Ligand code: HEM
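One chain follows as structure tokens, the form predicted alone.
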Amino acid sequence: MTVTALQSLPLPPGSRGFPILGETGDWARDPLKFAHDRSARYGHIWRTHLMGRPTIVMLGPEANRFILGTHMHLFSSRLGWSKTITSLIGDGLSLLDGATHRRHRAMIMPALHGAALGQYFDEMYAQVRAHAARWLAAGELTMFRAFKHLSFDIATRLMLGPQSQPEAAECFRLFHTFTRGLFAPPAWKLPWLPYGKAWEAGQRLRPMLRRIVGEHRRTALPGTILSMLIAAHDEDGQGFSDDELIDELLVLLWAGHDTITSLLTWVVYELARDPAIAGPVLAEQHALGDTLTPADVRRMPVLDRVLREAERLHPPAPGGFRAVIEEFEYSGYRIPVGWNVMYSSVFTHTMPDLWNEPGRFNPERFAAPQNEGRQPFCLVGFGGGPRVCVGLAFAQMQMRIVMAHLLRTLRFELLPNQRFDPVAVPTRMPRDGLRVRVRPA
């Protein structure tokens, strides 16, 4: 299409909302309702204003394919993120574009896929057993917080190596403060604002990570993800610099434990509230035996379906943003340079023409004869296309190990007087964090 023809096309319909804030409040309160209300009014493409940026929302699997797959060259991932994230994280994988992104991804992939995964089983399993024993001793706990500690301990141990108890506790405290500021504008370094606190935490985390990187370089400490990243080289024989490694570690630690924490919390919720869902998963685990083995992790089709259904109905993030770097036409509308586009996981995951009874948690929808979810880009909780989550296989293995052990050893009872409605942004969680009573199986 010529530039003149493109310029003659209209913008998608929609509303800018309130000055400065736009429609961010409506979206953050309930991303699914936000998408459904506006799609009923405008169709599957409309304009809005989110997080300080004019934004085009594009809905459905074909839009997901366009943004995440076939037309990636029209977008920048880095420019789609807010300043709070880019200034804190730096140049980690999720915030890179083009050749630099491809270089980093190719160097990171071997540490999180294939043969490398087998090296992580024993440590993952040991961490899960230790945490589960503490949960049983406690009797009652908040699952979101408990999973956050567990997934962070797994991530730091496998990425960074052993830490002393005080160092591990300080690392968790700093990282918790750091991540709370990632989605908390404005990006002002005032000490009482979440961003200001996150900035200060980052200034303390980075020297800690630099020291750990230096120790790995000096001693060639084996068996950690960091050691594999240090050994990685691109086609020209160049490896990661220390600054690049620190940025990548921050991204991997952030993305690695937040997503897993969210999904596992919702799995416990769904299993605890519905014995009909829990029954087949428990039967599968009992059939595999008392002691979990690496081979078992690959033989859990019922649990796999539960995890996929949790990704569908409870995606950790409601969608994703990209910045438009080349003007284009979509569905008869002009999409301008400098705007953001957003794809919606929550909307795609509840489309009635893709999913039968989309509001119901039903893992068997992925089994024969239903076989739902086979259309490309209809399940995008971990993204899709060439930029699909680089740690997807790592996350899937970890979630299987965690749930397999918990199903074999513990039972969770939902405590009364709590709210289960979701807080959707930045990471989906039950409003009260899912308070449970723990007892032995």
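All residue numbers are counted from 1 along the displayed sequence. Everything numeric here is computed off the predicted structure, so don't read it as measured data.
There is also a form predicted in complex with the named molecule; it is not shown, and the following applies to it.
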Proximity to the named molecule in the predicted complex (heavy atom, within 4.5 Å), stretch among 316-324, 139-147, 298-306, 359-367: 316-324
In the predicted complex, does each of Leu93, Met159 and Arg387 have a heavy atom within 4.5 Å of the named molecule? yes
Only hit among Thr179, Gln285, Thr259, Gln127 for heavy atom within 4.5 Å of the named molecule in the predicted complex is Thr259
Could you check which residue among Leu88, Leu74, Ile246, Ala255 gets a heavy atom within 4.5 Å of the named molecule in the predicted complex? Ala255
Taking any heavy atom pair closer than or equal to 4.5 Å as contact, tell me whether Ile154 reaches the named molecule in the predicted complex. no
Contact flag, Phe382 vs the named molecule in the predicted complex, heavy atom cut 4.5 Å: yes
Taking 4.5 angstroms as the cut-off for heavy atoms, does Leu229 touch the named molecule in the predicted complex? no
Taking 4.5 angstroms as the cut-off for heavy atoms, does Arg105 touch the named molecule in the predicted complex? yes
What residues of 329-355, in sequence order, lie within 4.5 Å of the named molecule in the predicted complex by heavy atom? Tyr343
